[in-house]
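This document starts with one chain, in the form predicted alone, laid out as structure tokens.
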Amino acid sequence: MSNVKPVNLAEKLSLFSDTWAPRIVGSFNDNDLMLVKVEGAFDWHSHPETGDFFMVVTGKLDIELRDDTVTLGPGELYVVPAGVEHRPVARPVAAILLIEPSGTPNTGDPTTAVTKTRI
């Protein structure tokens, strides 16, 4: 058996308050599991090589697509297909779980992406 302990999402979310700054809380199969608090609108962007997984932990999240909007509440998830331009929007603050290949830039562009820290 491993010494790996379960991840308590509420506990991890209590460790930070800034928005649009993903925190890595675990990994598997070269993917990062990240928590992020979001408020307002993020930039329009796409990920040419990978889909973008969003699961709402608290609050409400709109994922705007160029021709539609997907609205998610707590416990709901949506995967934006690879290459599809999108923009997450939360009003007020929402907490979301993201899963993406390690090293994936959150903006789709390494020059504008934030640095992700592990907590």
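Residue indices: 1-based, along the sequence shown. No experiment lies behind these values; they were computed from the predicted model shown.
Below, we refer to the form predicted in complex with a further copy of the same chain, which is not included among the displayed structures.
Among heavy atoms of E39, none comes within 4.5 Å of a further copy of the same chain in the model of the complex. Interface membership of L9, defined by any non-hydrogen atom within 4.5 Å of a further copy of the same chain in the model of the complex, is confirmed. Contact check for P92: every heavy atom lies farther than 4.5 Å from a further copy of the same chain in the model of the complex.
G51 belongs to the set of residues with a heavy atom inside 4.5 Å of a further copy of the same chain in the model of the complex. Taking a further copy of the same chain as positioned in the model of the complex, the residues of 74-101 that bring a heavy atom within 4.5 Å of it are, in sequence order, G75, E76, L77, Y78, V79, L97, I99, E100, P101.
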